[in-house]
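Only one chain comes next, encoded as structure tokens, the form predicted on its own.
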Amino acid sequence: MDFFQFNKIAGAVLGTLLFVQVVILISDAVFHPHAAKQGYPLPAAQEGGAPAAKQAAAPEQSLDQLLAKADAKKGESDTAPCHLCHNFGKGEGVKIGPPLWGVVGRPKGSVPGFDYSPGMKSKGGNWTFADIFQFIKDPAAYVPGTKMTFTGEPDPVKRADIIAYLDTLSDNPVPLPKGK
């Protein structure tokens, strides 16, 4: 191999390495991991665990008290993350998760066309306010092995608002508890 041929090979190798380096620099600038913002605030991502601190400081209220003060309009806005996987309208079919129209009072694991986890299939009974309240607090704890990837909503007031909204999604809503 003569000197000219060696220079061509070395130039090709160095040119390739330079090209790869430039591509890496450009991709780091375009796809910087801290540049993306969340579409909605996640409970765990809020400032330094403030929701848990507020929850611990607030006096415990019963589910009936929370539901008596619940705001279905707030609950509707709190379900924004749920719309990624669930349909909310009457007659709308399965998405990634089962539709939530008429969920209050419906038998658990009963939507035709949705493949429920074995844990949900074995749960049994109908969805009550208390069941939904516990499920959306921590789905994996309520139904071990659930397919639902949502980590849960720690704020009991938000969960009550969500339940009040879900209760409106029915031809025959279950009456919410009255204030005491």
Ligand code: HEC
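None of these values were measured; they are calculated from a predicted model. Numbers for residues come from their place in the sequence shown, where the first is 1.
We do not show the form predicted together with this ligand, though everything after this point is about it.
Worksheet item: For Ile136, is any heavy atom within 4.5 Å of this ligand in the predicted complex, or not?
Response: The answer is yes: Ile136 has a heavy atom within 4.5 Å of this ligand.
Item to complete: Examine Cys85 and determine whether its closest non-hydrogen atom to this ligand in the predicted complex is within 4.5 angstroms.
Response: Cys85 belongs to the contact set for this ligand.
Discussion item. When the contact criterion is heavy atoms within 4.5 Å, does Phe129 count as touching this ligand in the predicted complex?
Written reply: Flag for Phe129 set to no.
Worksheet item: Is Arg106 a contact residue for this ligand in the predicted complex, using a 4.5 Å heavy atom cut-off?
Response: The answer is yes: Arg106 has a heavy atom within 4.5 Å of this ligand.
Worksheet item: For 79-105: residues with a non-hydrogen atom within 4.5 angstroms of this ligand in the predicted complex?
Response: Heavy-atom contacts within 4.5 Å come from Pro81, Cys82, Cys85, His86, Ile96, Gly97, Pro98, Leu100, Val103.
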